[in-house]
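Form predicted on its own, single chain, as structure tokens, below.
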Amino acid sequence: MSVSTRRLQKELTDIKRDGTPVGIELLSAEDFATWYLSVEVLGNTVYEGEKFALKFRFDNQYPISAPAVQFVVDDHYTAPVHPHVYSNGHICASILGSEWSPVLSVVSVCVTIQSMLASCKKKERPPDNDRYVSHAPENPKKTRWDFHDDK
């Protein structure tokens, strides 16, 4: 059994035993390649009453390498309108790239994204949304992100 499979088995067992934090729900984890979780931002936020779905894709290097994480955009879900979320569901967040650490988990990524949404004051897309989406790779991990949050 691979390290990736063992780690994901442990994470899934923990979720089934302990549950998920408020506002986060496991939607599907049929295998150790792709999981879906929903994220809802609770409280008085610009996303009040909205629920989003995240798609996690794992390669055999997980947890050494980050999962590919994006918002689901389909007939049931949309990507939140947020300065770090593109309309195709790709998320520009350093923890999904250069700041990834193997100590992070699926649930901790969901909590971080939930927090990112909760702190948003104005719904707007990234300034380069249209250009990015028209040329974006299908897998967000193949994007070279420039993180410039701290300007």
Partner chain sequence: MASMLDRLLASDISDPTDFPDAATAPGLRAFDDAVRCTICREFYDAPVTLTCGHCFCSACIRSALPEQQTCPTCRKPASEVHIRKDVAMETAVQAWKNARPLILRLASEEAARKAQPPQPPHARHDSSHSERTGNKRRRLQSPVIVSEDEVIVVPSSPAPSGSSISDSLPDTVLCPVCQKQVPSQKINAHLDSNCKRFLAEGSTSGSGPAAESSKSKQKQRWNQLFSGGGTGSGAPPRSKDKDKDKDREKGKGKARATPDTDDEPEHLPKVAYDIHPQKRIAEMLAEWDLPTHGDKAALTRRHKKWIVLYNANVDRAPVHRRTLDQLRGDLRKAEDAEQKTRKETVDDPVAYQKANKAAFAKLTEAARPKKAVPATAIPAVQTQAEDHGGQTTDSAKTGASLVTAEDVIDVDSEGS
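Numbering follows the first chain given and starts at 1. Just so you know, these numbers come straight off a predicted model, no measurement behind them.
What follows is about the form predicted in complex with its partner chain, which we do not show.
Q61 belongs to the set of residues with a heavy atom inside 4.5 Å of its partner chain in the model of the complex.
Within this chain, V46 is remote from the site of its partner chain in the model of the complex, having no heavy atom within 4.5 Å. Mapping the unseen interface onto this chain, P102 counts among the residues with a heavy atom inside 4.5 Å of its partner chain in the model of the complex. Although the partner is absent here, T20 lies well away from its partner chain in the model of the complex, with no heavy atom inside 4.5 Å. Shown without its partner, the chain has T5, R6, R7, Q9, K10, E11, L12, T13, D14, K16, R17, D18, L26, L27, S28, A29, E30, D31, F32, T34 in segment 5 to 36 as residues with a non-hydrogen atom within 4.5 angstroms of its partner chain in the model of the complex.
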